[in-house]
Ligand code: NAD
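The chain below stands alone and is given as structure tokens, in the form predicted alone.
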């Protein structure tokens, strides 16, 4: 075992869980044992909430200009330790080193945005009548929780930690039991940056801790990122317990390719979108809709896909179970009559035979009723559906229950606008394979890709992590009274 057993992080210290039950943390790169992670109990969560509640009065009363100084220092530490953090992300998640670097760099950008929050939450003041002022201010909620997935061990925690904490909340974070090492390292860096003890706490575990978070009366708000199935459960359970909840689920992102698209650029974007992070991201291209004759572009997509080599510029999928599930989807599509143009099944990497790799896979002549066209595969697989018209393509995109992202590849500005206006997705790209907004623009989808109001990052997140206090003051009795005062 390469690393010490993972522990919970409570009140500024790593502490043992109250249970001896653990799970192994296995590297998808080579199948080696990295560590073990405790399956904590509701008792462990309660200890973390107590620490957070004790820290909240002092932290929430600290002026925001002082709170964000922690994140200025944290940003510097992320930059200083970029190589170390990237190697850790790669090791426990299985993505390529360059992808891990990009993830840490995005974490830095997210932290940079949090440093700007004093300029964004200044509130408003207006003299509404002679001598009478109304004022608004953003007030922290209290103790909040963030439940994060395996696919971005550093970035997704930083979707929530900098903004929620800079805005005055104290936080419980529950990492994926598959990738707990990166989150623990982030906690160490935050302590080094000067974050007071108890403001951030980590409770490791499985679904028992997720349920306990949703039920705990001391937690005011819950954010979640994961599958749609679990997102629905978390949202329903948390809101039934009168908490704020924002739950991000899965996706089935459609790239619409028109005949006038630039072949080389389109092929590179489609292949990169399909295979980046081994397809294990909610913004990955999962379905391509070819409108009219796009055979030459499909040929180039296959050329680009064949340049993507497992173990070189393509990382591993998270587990043996994921590899088996992805390959079942490919086999089912083939049996249903689809044509496998590039087949990534049975991929092996020399010297890493126990790693869990799936090669890039391009499937043509997929029909909308096939499982590969409807369900989230979460692997480096793209299904090509052919249509005759843009409206047929939009009908397929709109019929999909998810609504995270959609893109169109075309050189026709009017057609691009037509699709932007009609695609049922929260994030739209034009000649962009992964249309993730940069800060300060927020991240969030529609439909069954998101449950709750607002987005998890950017300016929109301010409304989720705070409540608005309104005050009206009057000091000059001599001004008299009217209907406004």
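If you're wondering where the values come from, they're calculated on a predicted model, not measured in any experiment. Numbering follows the first chain given and starts at 1.
The same protein has a further form, the form predicted in complex with ligand NAD, not shown here; the description that follows concerns it.
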| item | value |
| --- | --- |
| Answer range among 309-317, 371-379, 90-98, 392-400 for contact with ligand NAD, defined in the model of the complex as heavy atoms within 4.5 Å | 371-379 |
| Residue 171: touches ligand NAD in the model of the complex, heavy atom cutoff 4.5 angstroms | no |
| Partner proximity in the model of the complex: residue 449 to ligand NAD, non-hydrogen atom cutoff 4.5 Å | yes |
| Partner contact for residue 102 in the model of the complex: ligand NAD, 4.5 angstroms, heavy atom | no |
| Distance check, residue 248 to ligand NAD in the model of the complex, heavy atom within 4.5 Å | yes |
| Check all three, 71, 162 and 192, heavy atom within 4.5 Å of ligand NAD in the model of the complex | no |
| Of 276, 175, 140, 344, the one that lies within 4.5 Å of ligand NAD in the model of the complex (heavy atoms) | 175 |
| Selected contact from 387, 227, 129, 268, since only one has a non-hydrogen atom within 4.5 angstroms of ligand NAD in the model of the complex | 227 |
| Residues of 122-154 having any heavy atom within 4.5 Å of ligand NAD in the model of the complex, listed in sequence order | 147, 148, 149, 150, 151 |
